[in-house]
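Taking the form predicted alone, here's one chain by itself in C-alpha cells.
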C-alpha cells in the first residue's frame, strides 16, 4: 500500500482484530466445528467446513410501503419540489453532510453530472481505477475527456496514490476515486495530490454506502461524491443515484447538469447543455425508506468482513482484504488474493475446493481491466470512432495501457459474497474453509 497513510501488515492485522466484538465472536466460535488442517477436502470426499446456510431476508417491506402510500396521495410525481425527493435529500444529508444534493437516475448519471459540473471537457484527462464498472468512466468519455487508468494497491484494491501521481500530466483535470467493494480509498493522500496539482477529487461511492474514512462519511471528503441506488447495492430503489457537494464551485451546478442544463431555482433559459437524469418521486420514496436501514446494514457488513480478515490474515499464501484500522469498509463483497508462488494449485482449483466446502465465492471480479474491453482496445466509443484522438487532442492508446497490479488482482483474486443477513457463525465457517483449503494446497 502506498501513500503517507501506509500501514504495515502487522498494524493492519492488529487494527482489524481490534474492531471485533470479543463477546459475540467468542460465542460464535463455540458453535463452529472447524475441521483440522489434516482433514480431507470436501471435493475429495471429506466433510464440508461450512455447515451453516446463510438464509436470505426481505430487502424491503413496511417502511417502503408507507412511503409509497404517501407518494400515491400526491398530485404530482415530478421530482422538483416533491415531498419524497425532499425527504430523500434530508435523509441523505444525515449520513453524508454535504450542502448541495441532487437525486438522479443512476450512479452512472451521478458521475456524469459530477464530471460536467467540474467543467471537464475536450481533451481533459481524468485519472481513475481500471477495476470498476464502466459507469465510472462513461460520463468522462461523453464529455469528450480521456480516462487514464492508474494501478491499485495489492490488498486494498483501490487507487495507489503513488501511481496516480506518476500519471498526472498538464492535461489532468480530475481524479475519480472508486471505493471498490466499499473499502475507502486513501483520501488524504489523493486529496493532497489534488490540491497540489489543482485537480478535482470526485468520489465514486457506488459500492460504499455507509463507509467511513478516518471516521468521516464517504462522499463528503472529495469535492463531489457520487452514489448508486442500483438493485445490487446496499440500499436501492431498483435504479437511481445521488450526487452531492459542499464546494460552492460545483454544488450549485449539480441540479442543472441533472436536468437538461436549466436552473429551476432561477429560471433564465438553458445556459448549459446536459441530458435528462432526473429521478421520479416513486423512486425517491423507496430510496428514502431504504436509508432508514443503512446504518444497520453497513455496521453488520463491516463486522462480518473484518471478522473474516481476522481469521485468515495470518495465512502466508494469501493477501486478505486490506482495510485501514481507522476506516469502516462495508464489503459489497470481500476479496482476498492468492500468492501463486506459495500454492501448489491455480486459482480455479482453489475456488472449486472452496465451493465444495460450502463457501459462496467466485474467481476474480470483472473479466479484464476496463482498458482491456473491446470498446477501449478499438477506441470505438462513438459510432466506432473516438473524435478526441482523431483530432490529435490525446495520444492515449489503450492497447498499450498497463496496470500490472490490477491485472494480477483479477487473475489472483477470489470474491467471497457477503450480505448483512449472514451470521458470524457462517463467516467463521467460511474462514475455516479458506484455512483448510489454503493449508491443503500450501507449497
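Note that the structure is a prediction, hence the values are computed from the model and not measured. Residue numbers count along the first chain shown, from 1.
Keep in mind that the form predicted together with a small molecule is not shown, yet the notes after this line are about it.
Visitor: Indicate whether the small molecule has at least one heavy atom within 4.5 Å of a heavy atom of residue 106 in the model of the complex.
Guide: Yes, residue 106 is a contact residue.
Visitor: With a cut-off of 4.5 Å between heavy atoms, is residue 233 one of the residues that contacts the small molecule in the model of the complex?
Guide: Result yes; residue 233 sits at the interface with the small molecule in the model of the complex.
Visitor: State yes or no: in the model of the complex, is some non-hydrogen atom of residue 163 no more than 4.5 angstroms from a non-hydrogen atom of the small molecule?
Guide: Contact with the small molecule, no.
Visitor: Taking the small molecule as it sits in the model of the complex, is residue 178 in contact with it (heavy atom to heavy atom, 4.5 Å or less)?
Guide: Residue 178 belongs to the contact set for the small molecule.
Visitor: Only one of 218, 159, 111, 329 has a non-hydrogen atom within 4.5 angstroms of the small molecule in the model of the complex; which is it?
Guide: If I apply the 4.5 Å criterion carefully, the residue I get is 111.
Visitor: Which of these residues, 132, 143, 172, 280, gets a heavy atom within 4.5 Å of the small molecule in the model of the complex?
Guide: Of the listed residues, the single hit is 132.
Visitor: Heavy atoms within 4.5 Å of the small molecule in the model of the complex: which of the stretches 293-301, 314-322, 86-94, 135-143 has them?
Guide: Single hit among the candidates: 135-143.
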